[in-house]
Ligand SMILES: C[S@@+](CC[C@H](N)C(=O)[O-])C[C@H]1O[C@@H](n2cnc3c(N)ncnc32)[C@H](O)[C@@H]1O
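Form predicted on its own, single chain, as structure tokens, below.
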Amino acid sequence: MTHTPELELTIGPPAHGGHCVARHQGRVIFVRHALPGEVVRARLTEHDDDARFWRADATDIVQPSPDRVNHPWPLADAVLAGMRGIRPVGGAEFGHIELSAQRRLKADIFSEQLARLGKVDRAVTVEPVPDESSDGLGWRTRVGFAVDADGHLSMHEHRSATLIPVADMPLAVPVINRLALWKLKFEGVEGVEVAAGSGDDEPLVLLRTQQDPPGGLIRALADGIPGVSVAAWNPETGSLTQLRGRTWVREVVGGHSFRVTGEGFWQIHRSAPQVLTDAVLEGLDTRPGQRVADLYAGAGLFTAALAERGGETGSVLSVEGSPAASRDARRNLHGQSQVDIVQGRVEKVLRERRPHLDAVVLDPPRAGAGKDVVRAITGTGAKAAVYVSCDPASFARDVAYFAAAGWRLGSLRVFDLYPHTHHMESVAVLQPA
């Protein structure tokens, strides 16, 4: 095994992306699996001489923080992985931190991003989910795995093409772990996605493959997976083939039933859809008869709540870029004449339609909305926009775009919807100043 340089480092403040900042001979090193104030031995993972910064994994804790705990997932534990001569898998990079300390670090990171990129000084509190388990495990309703050369479910080492076989997924809801898919061999499959819906509905196992089913190998794999729906998905063509049961899972939120097909987007924490819907409605304070847009609407989670709040005299323009998600939204909102579902790029739809609105809800992907979308929103006449974000950096950047258009940041809530990871979700109200 090639020798990898190691350094003893004193760890500084947390940074966005799941690491902390340390310095060595004037060079910045982003260290994962450490805590502020700790002294650690760290294995350098990226250390080109001409790089502006290096990256490292903490593998030996010389002076631990009082907030350090035993990691609940050995494969994601940098110390245990280092003892095996491998790097930890991604996906639970905060597992070595006590849960309340995780939230304090996330709050610091969010405030720093908002101040640096959004030019807004705001102290935040990261809120736990009301029904969160005491250990922060068992919340994830969607998981994805790679498949190694031997056909075993695997995950990547962080920032690496190397695959590590897995035998459990502690962050996943129990119904996914009970499938024990790691006991099967998935030869001929590039990846496996599993989605668990609400209630007692059976999960959906999605076999990611570039083969064209129905093929004998893929069908044989489906027959070997007991008691669930199975479908094959070709990411190159976008085709979704039913192999057994359904190609979708059912979600129920606030009395509304949603069909989410295949790779369609849905919040991955089991409680997130209700928590975020409640926060959106609280922030927007819509009334009957109002004209609202739901941008990046997915399968229609917020659209359904907004349509119910606005009543038959109101209207909801629901815009989604994904054709599959837009088809789901049409099924989910069928019969609601006050809802106009449009499939297309958000900025293009707003530019062409030029709607006059009372309010806007937007839930963009991790990259954020961007300058063009913000400009289009502020030109609709809306008196408020509720921005749902999964990334503090892109959110803070977009806050600056809103500010340039004469809008200000109002109420802001941040939720810990991804325990044991560095991710968080926020719901903010922006209004004309």
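Keep in mind the model is a prediction, meaning the values are calculated, not measured. Throughout, we count residues from 1 along the sequence that is shown.
Keep in mind that the form predicted in complex with this ligand is not shown, yet the notes after this line are about it.
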Contact residue in the predicted complex, from Pro165, Gly344, Gly90, Gly191 (heavy atom within 4.5 Å of this ligand) = Gly344
key: Residue (of Asp363, Asp77, Glu132, Asp358) lying close to this ligand in the predicted complex, criterion heavy atoms within 4.5 Å   = Asp363
ask   = Does this ligand come within 4.5 Å of any heavy atom of Phe265 in the predicted complex?
value = yes
query = Closest heavy atom of Thr141 to this ligand in the predicted complex, within 4.5 Å or not?
reply = no
query = Applying a 4.5 Å heavy atom distance criterion, does Tyr296 contact this ligand in the predicted complex?
reply = yes
request  = Decide whether Ser322 counts as a contact residue for this ligand in the predicted complex under a heavy atom distance cut-off of 4.5 Å.
outcome  = yes
ask   = For the chain shown here without its partner, which stretch in 229-237, 301-309, 150-158, 100-108 has non-hydrogen atoms within 4.5 angstroms of this ligand in the predicted complex?
value = 301-309
